[in-house]
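Below you will find one chain, with nothing else, as structure tokens; this is the form predicted on its own, and questions on how it binds or moves follow later.
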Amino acid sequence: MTYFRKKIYATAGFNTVSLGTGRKEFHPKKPRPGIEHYIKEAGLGSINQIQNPENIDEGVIGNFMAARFCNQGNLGGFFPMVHPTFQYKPCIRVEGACDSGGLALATAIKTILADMADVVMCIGVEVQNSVKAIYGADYLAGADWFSGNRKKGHVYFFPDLFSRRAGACYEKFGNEKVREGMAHWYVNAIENARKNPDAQEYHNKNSDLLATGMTSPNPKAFCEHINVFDCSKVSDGGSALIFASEEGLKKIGVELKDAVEVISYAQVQDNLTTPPPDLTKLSTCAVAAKRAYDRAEIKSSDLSVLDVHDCFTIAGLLAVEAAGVAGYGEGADFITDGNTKSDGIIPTNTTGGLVGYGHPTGASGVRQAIDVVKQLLGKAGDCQVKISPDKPFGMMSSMGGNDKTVVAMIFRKE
């Protein structure tokens, strides 16, 4: 029994370069593209893979904080700029902190299931290098309960929230074990990013990544339990992915061999005004993953590829546990043993993840879905991993805030 009332497919994914520190072409004092540039670049990159863009019925744009980073609202108004046939077609902008892209995916699918459209283009976008890091940290604090928590929070608000999670894990599972797992997550992220020309860390030439990942945190300069290498990047970028019904695929001239089926998803919301029930768990991510598995009628062991929201290395450890591929408290050892590498038991974040590719917040959920879709289609280039015919499934899990807004989505190669 299928979860959806009709088949939904994903196709024609495109990611822009994730621009920010680390990229050779990035210079903080030189002009850079604006948010409208990334919307158009991502949209056109997707359109160039189909035949009849005029048959795209509407758009969804995922974005978190353009109103603060770019002084720009009304992002749906940029959709007609992507292609002349989009003039007067509907477009909605959705927001769910760092899971804004994930919500865009879910919105597109619901629109098709409601028979309001056959083809919907999802675009995720963010431009964050418009302000100094200290101001950006304050803007991003809006992903949490700002009026209740910001004033008593660290100047680097979100790094501190996940530093506390790391500290709780050190205390419960052992500092050396967890720290080593986080360092290996960093190594995997950069190694995968070096195979992805669009990744922010593509140009990283560090010859001893593990030693960097094991660098002791300096609370006087940053946070108590993590260092800057444990953090995802401040990034500018965009991603676009098209969803379509069976009839929609025909309308845009895409064959089934160039699309993957979306077989389930779960969107889960936790109370923003309450603290996490357990700092050593991503409880909301775990609920979303279980619901997605149950609706797809598969298990975590059926996955050939996984993409999780590693806004920090500790989040990567906790996310693989929440996804059910590692047991509680076993994520660090699971990663250190190489199980999430491209040739491991469950290749994870194969293009670099948020730590390696970068984290243009509104785009990350869309980018995650694109990377899973490309893997299942065998179109991931140098990042391609083996997709077992017996396990034609991939999952992405995108998180907003401190494990508050989550979308988990499962794809199957036809």
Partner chain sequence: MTLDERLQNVTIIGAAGKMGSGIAVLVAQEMSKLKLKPENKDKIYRLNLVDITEKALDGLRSYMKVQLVKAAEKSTVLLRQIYVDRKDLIENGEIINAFVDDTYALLNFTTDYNIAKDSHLVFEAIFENEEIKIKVLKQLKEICLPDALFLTNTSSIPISYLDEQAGLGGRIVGYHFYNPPVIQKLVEIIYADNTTEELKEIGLEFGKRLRKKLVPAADISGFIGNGHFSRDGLYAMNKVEELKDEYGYHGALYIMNKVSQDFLVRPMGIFQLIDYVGLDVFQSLLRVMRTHLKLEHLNSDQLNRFMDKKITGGQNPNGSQKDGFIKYEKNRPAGVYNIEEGKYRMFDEDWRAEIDKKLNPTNEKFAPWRALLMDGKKMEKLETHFNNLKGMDTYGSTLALDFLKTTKEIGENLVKNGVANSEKEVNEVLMNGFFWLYGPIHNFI
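If you're wondering where the values come from, they're calculated on a predicted model, not measured in any experiment. Positions refer to the first chain, counted from 1.
Below: the form predicted together with its partner chain, not depicted.
The stretch from 89 to 97, 320 to 328, 111 to 119, 131 to 139 that comes within 4.5 Å of its partner chain in the predicted bound form, counting heavy atoms only, is 131 to 139. Contact with its partner chain in the predicted bound form, judged by any heavy atom within 4.5 Å, is made by just one of 250, 195, 150, 290: 150. In summary, among the residues 154, 177, 295, 83, the only one with a non-hydrogen atom within 4.5 Å of its partner chain in the predicted bound form is 154. Interface residue remark: residue 68 is counted as part of the site for its partner chain in the predicted bound form, having a heavy atom within 4.5 Å. Using a 4.5 Å cutoff between non-hydrogen atoms, residue 221 counts as a contact of its partner chain in the predicted bound form. Within this chain, residue 146 lines the site of its partner chain in the predicted bound form, having a heavy atom no more than 4.5 Å away.
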